[in-house]
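Listed next as structure tokens is one chain, alone, in the form predicted on its own.
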């Protein structure tokens, strides 16, 4: 029997079928699931309550853990970035972001990214491939091994556009939130998208209270076209219509992510328009000061950032300015894969 599977992401029903075919007692399936999802054990040799012969069979049937931690880089603010190597040599990154109250894991969904936002290093070299559900979950397991427990929150804001990999992302979300698996509340999980309209509708159809973070970055299509290439850019009106559908269906307020780029989208008029859009669509605003990835864009001055923030706050109640974390080690928003891309010469 060959499964061609990894243990992270396997369902209890799949385990029951495998255990039955192996001629083992049915309760062994639950024991294995408990090891994986309650105790974060994915090495059969460490499943001490299983008989030795069953452990050996599991090692024959399942591939080894799907990612290897190649490097763990710590920033001065205690943020940690993990460089992970996949079985085919591709590399991804995930970030562990601590605060006094909670630990947040920022996970990737693709190796590379096809969207190619012009200010973001993660997609500068294009898309290599989608991550499997097992690989997405393996990021979570790798971070939890270092942290010592599951995180308090998860944000899918790492490398890639998750709503272009819905099948694998949704399976990972099922495992993360399922009561028989990891059991995390959907309210503690944020899915970010550059505005992939069909994916927003698919996420809404799951009927779970995930937070949707919409990377808007501009208040009109003209400005947005200078930031996001044509091939995967949807009109703002269509994106906002999908966001309204998500809010009404999932019952969760959508967040407008807005990266401030000097001289591009940081004027007082932009702030006013953004705030009025947020009010109209009952959304929150999360402002992000640009984290340098190239010399094509500049970070606004602190004065301009504060003026933008105050203008938006004067109109919309739900406005925050994201505190930069991990920028010193290229782990901040938009910087993932930056070191690799610069080394490869693909980002000026």
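Positions refer to the first chain, counted from 1. As the structure is a prediction and not an experimental result, all values here were calculated from the model.
The next section is about a form of this same protein that is not shown, the form predicted in complex with a small molecule.
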Residue 81 within 4.5 Å of the small molecule in the model of the complex, heavy atoms: no
I'd like to know if residue 291 sits close to the small molecule in the model of the complex, meaning any non-hydrogen atom pair within 4.5 angstroms. yes
Taking 4.5 angstroms as the cut-off for heavy atoms, does residue 137 touch the small molecule in the model of the complex? no
Can you check whether residue 105 is within 4.5 Å of the small molecule in the model of the complex, heavy atom basis? no
267-275, 139-147, 192-200, 171-179: which one contacts the small molecule in the model of the complex at 4.5 Å, heavy atom to heavy atom? 192-200
Pick from 95, 120, 92, 131: which residue has any heavy atom within 4.5 angstroms of the small molecule in the model of the complex? 120
